[in-house]
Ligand code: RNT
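First comes one chain, alone, set out as structure tokens in the form predicted on its own.
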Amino acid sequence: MSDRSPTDHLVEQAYTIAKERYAALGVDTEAALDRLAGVPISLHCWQGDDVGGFEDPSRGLSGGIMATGNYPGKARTVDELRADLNAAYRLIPGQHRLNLHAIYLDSAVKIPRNEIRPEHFASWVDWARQNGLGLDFNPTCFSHPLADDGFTLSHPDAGVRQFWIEHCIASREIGAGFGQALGTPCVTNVWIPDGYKDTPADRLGPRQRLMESLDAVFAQKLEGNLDAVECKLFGIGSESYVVGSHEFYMGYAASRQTLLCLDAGHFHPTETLTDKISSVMLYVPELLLHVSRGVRWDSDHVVTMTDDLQATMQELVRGGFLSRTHIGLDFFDASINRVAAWAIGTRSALKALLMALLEPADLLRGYERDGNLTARLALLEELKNLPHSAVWEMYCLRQGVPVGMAVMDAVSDYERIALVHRS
């Protein structure tokens, strides 16, 4: 007997028709699926426990970080978080990565952040190796007594600055260890919450201190590690002035040739992240993209198939930037099932990328080159109606993950078996 369901047959029928529709425009759907399978997304560990971490989960969040909601089943231990991640990866087609923050160390005793070492994350490396995952990393420059006044690497106190410099250096060494152990470079991304709630009298001084601190952090080149810096327009407690602005980090990344991280929620609502990509790529070697969804502000909602997301993925493909871009997720929603949040957000990002890969790029460029802008517009609109969903469902079927709302059946089963028993 065949274990194939009636749905499988329908998916295959729909794909056959979709494949012919795209072929009529010169698009090879099989080639698009092959390219999609080669793009890893770095899932963010902090969705699983609302950014609490395992250093001191009872301390609470600070530094402009806020997770809202109280959906049951939050991961309380390293093992529970890994189990939840395993459940999420089973729902996501492709082979992907994990993005860790420094507060997710696996240690029986509390370790000062400037003393964290690769051995405190050894079990994560073992788990990643067993699951065929790459690891990325982030120093945690928030939710700590030495960050409570809103400043870390740009702090006016040299001693406080030195603590955070040492923490970031230690984080880079951990990232390098990940890269060397797993055979795939680790992106270590530095984001700090530094800034003022009200208008400062001195905008220059903190940025000079930040530049000097970063130079100290990045002084030693580490094999297996890729350095990234992340900008932000404003945050809770830094509404009037953020030290690490886009202009600051754009200049820093270009002059030091680090990666620049563009977070989809870190710009003014009237700014378009998409339009920044081609300019950034002229000056920096590679890009780190944090896929998020801001609602009115940087509120880190679960990623959905918005026009902004589709435009960003289109720009990565149209500009030939995929090979120079590292894609990670950055959202945390405690109001819904956290495993479902990972699955929905990652699948949405992959769907948007697939739609971009299914564009008839040569035809669009030809219209543009010939000055036929009317045909370009007409084709871009028609592409919205082509059966990209049938190609996506075929990808899920081939990758052995649930198709459509079957994802929620798997989520519900896992919630019943594992999550409801957590208090």
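Just so it is clear, the structure is predicted and the values come from calculations on it, not from any experiment. Numbering starts at 1 and follows the sequence shown.
Below: the form predicted in complex with ligand RNT, not depicted.
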4.5 angstroms heavy atom contact with ligand RNT in the predicted complex for L43: no
Residue contact check: E286 to ligand RNT in the predicted complex, 4.5 Å heavy atom: no
Contact label in the predicted complex: D84 to ligand RNT, heavy atom within 4.5 Å: no
D330 within 4.5 Å of ligand RNT in the predicted complex, heavy atoms: yes
In the predicted complex, segment of 385-393, 25-33, 43-51, 362-370 with a heavy atom within 4.5 Å of ligand RNT: 43-51
Proximity to ligand RNT in the predicted complex, single hit among W191, W124, Y89, F267 (heavy atom within 4.5 Å): W191
Full three-residue contact with ligand RNT in the predicted complex, heavy atom 4.5 Å, for I65, E230 and H290: yes
Within 82-111, the residues that have a heavy atom no more than 4.5 Å from ligand RNT in the predicted complex: H101
